[in-house]
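Before any questions on binding or motion, here is one chain by itself as structure tokens, the form predicted alone.
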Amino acid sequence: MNDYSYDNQTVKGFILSSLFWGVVGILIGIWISIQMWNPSWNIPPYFTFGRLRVVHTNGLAFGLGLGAIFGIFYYITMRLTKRPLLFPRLARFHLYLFNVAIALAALSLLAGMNQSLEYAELEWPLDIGVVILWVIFAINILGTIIKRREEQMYISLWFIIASVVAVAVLYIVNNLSVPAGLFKSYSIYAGINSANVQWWYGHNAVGFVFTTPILAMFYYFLPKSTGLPLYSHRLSIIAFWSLVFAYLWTGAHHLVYTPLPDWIQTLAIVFSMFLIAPSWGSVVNGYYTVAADWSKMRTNYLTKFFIFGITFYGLQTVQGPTQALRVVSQLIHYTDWVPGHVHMGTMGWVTMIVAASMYYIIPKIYNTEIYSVRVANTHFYLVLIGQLIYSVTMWITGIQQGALWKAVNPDGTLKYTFVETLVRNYPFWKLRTIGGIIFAIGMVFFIYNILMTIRKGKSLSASVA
């Protein structure tokens, strides 16, 4: 089957689009990190923290994250089914509609159009657009899998199917609302029901956008890039089904010590603790795959990305359930510990695996080698150092915040005012900005390497022609 049948142009289009939106999201992230310790960087009305923060999260979660997922899923699905996409023209329309939707989403959020739901801020007209995008994607992915020419379904396809189905259900249920005009709507849920549905969606959006799709990439590209067979396909299947079953019950751990009924909180905590097992099933599978030849960590630059990425995933899936426990939550909830936890996942786990997947795909599409392994290694160490500075400083800040907020005098009054606790955050917030800048420089090396590889591939094709 030739490359044209595999529609590599759509794959490349999504990859380049995701990189563009990633640059926008990362730059805004650095901007809002500076706003935390230098308020003069708030420029009303459009460029205040309140508006830029949602553009940052949506730009990276959906612009970078989903853009990469769309392109890489198309790439993986075609090869695991041994056939081209069922509807290649629909996939190309999907690419164009995706970029229009992300641009409109960013503009609407900057304009203050916001449902005030975490990861679901878009107003109802754009919600409909997102549903259309996902239906197009689902038709192509599921249709291609159904019409596959390879009977065996490798584990990555199971994670792809779970991602497609779960996100559809989560997004539609959480975004059910009553329009109150072209740019405003109100959720059909209210009070504690609204909070419960929102965090059922919010946590599982992380699960089925930042976990199952990335595991699909990990399971496909780790063996491909290293030339080592997957340690255990059976273990991957067990990990898949237990992960999918457990994840959907964990959202309420965001609502510990709220008016949500205690039994729902406890149920979420129990399933959160259970989630460690299937998560570490994939971690162990990755380690044992590379254990057949650990020299790959030195000789194959992609192996470092995949192994460190799965390591951060493993750390995340211990830290997350642990902070769901009431005794831990009472200290770190509502503190900077939480963004530290989130960013170790997004900057350490998600970005490393996505970047490594792109490093593998682009040279394959252009039938060439990566432009520079040295640049790729520089990228790796910069994002590793930047992410660690960012996450660790936020963990320290979070523990400090929780301890100061809870400190009381002998008579029961608060020992510190809010301003006194705030001032102590500033050194760590400045370190967070430094970590973010180092990470961003690493991503510049990455994008440069990708673009130069494309240029190299085009030059080779031209010379052959």
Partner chain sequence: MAGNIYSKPVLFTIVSAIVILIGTAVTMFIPMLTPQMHPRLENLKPFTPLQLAGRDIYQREGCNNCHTQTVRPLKTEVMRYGEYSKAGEFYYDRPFLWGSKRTGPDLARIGGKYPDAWHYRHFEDPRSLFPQSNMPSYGWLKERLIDPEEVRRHMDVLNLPYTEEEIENLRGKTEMDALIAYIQSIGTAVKRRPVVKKAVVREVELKNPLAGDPRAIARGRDIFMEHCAMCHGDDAKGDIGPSLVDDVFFYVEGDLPDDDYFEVINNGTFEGMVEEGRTAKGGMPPFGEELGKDEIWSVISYIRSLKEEGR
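Only the largest set of C-alpha atoms that superpose within 1.5 Å between the two forms is called the rigid core. These numbers come from a predicted model, not from an experiment. Numbering follows the first chain given and starts at 1.
Omitted from view is the form predicted in complex with the partner chain, to which the following refers.
- Here the marked residues 54, 169 and 179 all reach the partner chain in the model of the complex, each with a heavy atom within 4.5 angstroms.
- Taking the partner from the other structure, the partner chain in the model of the complex has a heavy atom within 4.5 Å of a heavy atom of residue 405.
- Although the partner is absent here, residue 264 lies within 4.5 Å of the partner chain in the model of the complex, judged by heavy atoms.
- The partner chain in the model of the complex is not approached by residue 124, whose heavy atoms all lie more than 4.5 angstroms from it.
- The partner chain in the model of the complex comes within 4.5 Å of a heavy atom belonging to residue 416.
- For the partner chain in the model of the complex, the listed stretch (435-443, 66-74, 419-427, 22-30) containing residues with heavy atoms inside 4.5 Å is 419-427.
- Of the listed positions (142, 382, 130, 136), a single one reaches within 4.5 angstroms of the partner chain by any non-hydrogen atom in the model of the complex, namely 142.
- The contact with the partner chain in the model of the complex, taken as any heavy atom within 4.5 Å, belongs to 198 out of 316, 303, 391, 198.
- In the model of the complex, the partner chain lies within 4.5 angstroms of at least one heavy atom of each of the following residues of 143-157: 145, 146, 148, 151, 152, 153, in sequence order.
- Superposition on the rigid core between the shown form and the other one places the CA atom of residue 44 less than 2 Å from its counterpart.
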